[in-house]
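As C-alpha cells, one chain now follows by itself in the form predicted on its own.
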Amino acid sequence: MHLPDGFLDAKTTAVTWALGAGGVAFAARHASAAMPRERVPLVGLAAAFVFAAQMINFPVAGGTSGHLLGGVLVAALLGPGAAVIVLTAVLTLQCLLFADGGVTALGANVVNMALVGTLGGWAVFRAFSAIVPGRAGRLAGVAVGSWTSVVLSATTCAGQLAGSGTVRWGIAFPAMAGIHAVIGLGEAAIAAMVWTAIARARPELVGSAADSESRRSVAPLAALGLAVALALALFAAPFACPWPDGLEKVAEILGFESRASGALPVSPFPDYLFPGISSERLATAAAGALGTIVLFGVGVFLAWRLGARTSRSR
C-alpha cells in the first residue's frame, strides 16, 4: 500500500506531510512518557521484524498480493506511541534505501499506515480487551484490530487519491476497501499467530503475568527475534509472491498506474536488490538482511533516545 510519487497532487502531499509530522511528534512524546528502558531492545526487534515481514507478499485472489502492516501487533505489545515510531522508521527507510514508496508521498504513507491504521486498529484492540476479559479478549483484539487497520489504511489512501483528482471516491473506495478487506484477513492471521507465540513464550509481555516476571531480561527474546527476522529476510523474502499488491492492482485496473513517477535516483537498493549480485534471489536476500539489521539498530537508537528523554525529565 506504499503510495509512489505522482499519485497525489501538491495540496494533498503538503497536508499529509503536515499531519504526518504532527502525529509522529505527538506519538514520540507519548512513547517517551511510557517507554521502560528495559524494553528498548524490543523496539529494535519490532522494527526489524516488521521490515522483514513486509518483504514477504502473500497471494490473494485475483492475481493480487498483500503483506503485513504490523502496526496493531506492535501496539498491542509495546503501546501505540512506540508502534507509530516503529512504522514510521520502517516506512522512511523503505523509501530512502529501497525506493519503496515515494519521497513526496512519504507523509501520506505515514498517515495511512503508521497513524490511521495503527491507532485505529489499536482502538479496536483496546475495545475488545475491555469487553472480553483475559487472553481471549486480547487475542481477538489483535486479530480484529489488525484487520481493521488494513481497511482503515486503504480507505484513507482512497480518500487521498480522490482528493488529488486521481480517481473518483465512488470508484476508489470500493476498489481499495474491497481488496484490502481480503488482504486484512492475512494480516489478522499473521498478527494473531505471532502474538500467541509471544504470549506463550513470555506472557508478561502481553500483560498476563505477575509483576515479578516482568523483570526478566528481554535480551534473549530480542536476540531470538532478530534471528527470526533475519531468517525471514534471507530465506522467505526471495520467494515472496511477485503479484502486484492491493494498491498496484487497483491502479492497474482503474488505469492510473502510469501517473507513478520514477523512484528516488540515489536509492542504493532499489526494488530490494543488493547491487553487484547477479542472482535476483541472492540480491534480495542480501538487501533484506541489511535492511533488517539497519532497522534493528534504528529502532534501538530511537527507543534509547526516547527512554533517555524520560529519564532526564524525572
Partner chain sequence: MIRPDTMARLGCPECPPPRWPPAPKALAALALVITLAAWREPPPTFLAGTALVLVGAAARARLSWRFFAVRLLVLSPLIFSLATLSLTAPGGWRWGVLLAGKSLLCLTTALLYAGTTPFSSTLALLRRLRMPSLLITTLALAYRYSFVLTEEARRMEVARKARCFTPAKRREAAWRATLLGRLFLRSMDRSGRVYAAMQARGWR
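Numbering follows the first chain given and starts at 1. Note that the structure is a prediction, hence the values are computed from the model and not measured. The term rigid core refers to the maximal set of C-alpha atoms that superpose within 1.5 Å between the two forms.
One more form of this protein should be noted, the form predicted together with its partner chain, which is absent from this view; the next part is about it.
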**OP:** Within 4.5 Å of its partner chain in the model of the complex, counting heavy atoms only, one of 126 to 134, 188 to 196, 144 to 152, 111 to 119 shows up; tell me which.
**Re:** 188 to 196
**OP:** Check whether residue 285 has any heavy atom within 4.5 Å of a heavy atom of its partner chain in the model of the complex, and answer yes or no.
**Re:** no
Original post:
Does the 4.5 Å heavy atom contact test between residue 162 and its partner chain in the model of the complex come out positive?
Top reply: no
Original post:
So in the model of the complex, does any heavy atom of residue 202 sit within 4.5 Å of its partner chain?
Top reply: yes
**OP:** Although its partner chain is absent from this view, report whether residue 85 comes within 4.5 Å of it in the model of the complex, heavy atoms only.
**Re:** yes
Subject >> Stretch 96 to 112 - residues with a heavy atom within 4.5 Å of its partner chain in the model of the complex >> reply: 96, 97, 98, 99, 100, 103, 104
Subject >> residue 27: Cα shift of 2 Å or greater between this form and the one not shown (core-aligned) >> reply: no
